[in-house]
Ligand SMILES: NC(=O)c1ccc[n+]([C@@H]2O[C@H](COP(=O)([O-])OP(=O)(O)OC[C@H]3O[C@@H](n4cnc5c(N)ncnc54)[C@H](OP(=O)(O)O)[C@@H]3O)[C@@H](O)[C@H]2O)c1
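Below you'll find only one chain, the form predicted alone, shown as structure tokens.
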Amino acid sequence: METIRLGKSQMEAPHLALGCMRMDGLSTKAAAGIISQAMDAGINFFDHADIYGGGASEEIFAEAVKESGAKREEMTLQTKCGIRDGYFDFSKEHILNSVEGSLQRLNTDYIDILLLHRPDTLMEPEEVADAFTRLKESGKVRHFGVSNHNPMQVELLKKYVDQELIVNQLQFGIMHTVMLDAGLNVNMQHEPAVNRDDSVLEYSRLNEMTIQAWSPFQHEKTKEVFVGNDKFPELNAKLSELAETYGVNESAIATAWILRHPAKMQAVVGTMNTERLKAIAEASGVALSREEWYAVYRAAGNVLP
């Protein structure tokens, strides 16, 4: 598994992270199996959030780690906070309480990376800064970042916090290309030219902030998985063609398409199936050509200007 450096930190992370949102649906034994498969494939980065399974996903993960025999020091654990029942909350009290809860559920003394989950328009950045400082100085959190934030929201935080914000977790995949469509359709008047995120892709590259691509196999509007879906014949024909060329499966090609971008993203895959995870992991060894990358983009229904 190839690695990338996360943001401006010295952390090396695998191309792929395992998203643990659905782990609460597994038995401890099954969860231990997916953790072991991930580690065997070089995927030692695990993405959590306090709301996944109402906290149960973090609890099952901790039990499964113990059963699998995996070592905490060989893992990178990331979790997120800020989403509550019907509202968002970046208050100092909630951030600190959320981290304490995650530490307990994950059965660990520290979180490698803490992300603010979705923007809280009522955020007081001074409170966030205070919370981050306390967590950093206590050793409970080593690095920080955000999820689903636009550049100006990141800049507002950066004015107050002392720590580097090393990642921004954003939805991205072949059939959710909002962050790059506007950049390919500059000075145009049609739908893809609409800039919906303040050029977060270019901002992230300029500021050395790693993008973590979540839900990489999800169709933007229907929320269905597009790989192997009869509703998307042209795209799947192209994925199958390239899968045969590179000797991998279609999900690996869909993942390799994300990894091919020079922004050096990390893909967060949420499968809880060991065989599928093993197949997806092969994406790390696939380097699509420029022509192949654009062919996949067009096959997804995008029209170049």
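No experiment lies behind these values; they were computed from the predicted model shown. The numbering used is simple: start at 1 and walk along the sequence shown.
One more form of this protein, predicted together with the ligand, exists but is not displayed; see below.
Residue-level contact is defined here as any heavy atom of the residue lying within 4.5 Å of the ligand in the model of the complex; does Val269 satisfy this criterion? Yes - in the model of the complex, heavy atoms of Val269 and the ligand come within 4.5 Å of each other.
Check whether Pro216 has any heavy atom within 4.5 Å of a heavy atom of the ligand in the model of the complex, and answer yes or no. Close contact exists here: in the model of the complex, Pro216 approaches the ligand to within 4.5 Å, heavy atoms only.
Determine whether any heavy atom of Val167 comes within 4.5 Å of a heavy atom of the ligand in the model of the complex, and answer yes or no. Output for Val167 is no: heavy atoms all beyond 4.5 Å of the ligand.
Can you work out whether Tyr52 and the ligand are in contact in the model of the complex, taking contact to mean some heavy atom pair no more than 4.5 Å apart? So Tyr52 counts as contacting the ligand.
Candidate stretches 270-278, 36-44, 239-247, 62-70, one within 4.5 Å of the ligand in the model of the complex by heavy atom: Going through the listed ranges, the match is 270-278.
Is the ligand close enough to Arg22, Ser147 and Ser251 in the model of the complex that each of the three has a heavy atom within 4.5 Å of it? Yes, all three are in contact.
Heavy atom within 4.5 Å of the ligand in the model of the complex - the one residue of Leu114, Val227, Ala131, Ile174 that qualifies: Checked against the cut-off, the match is Val227.
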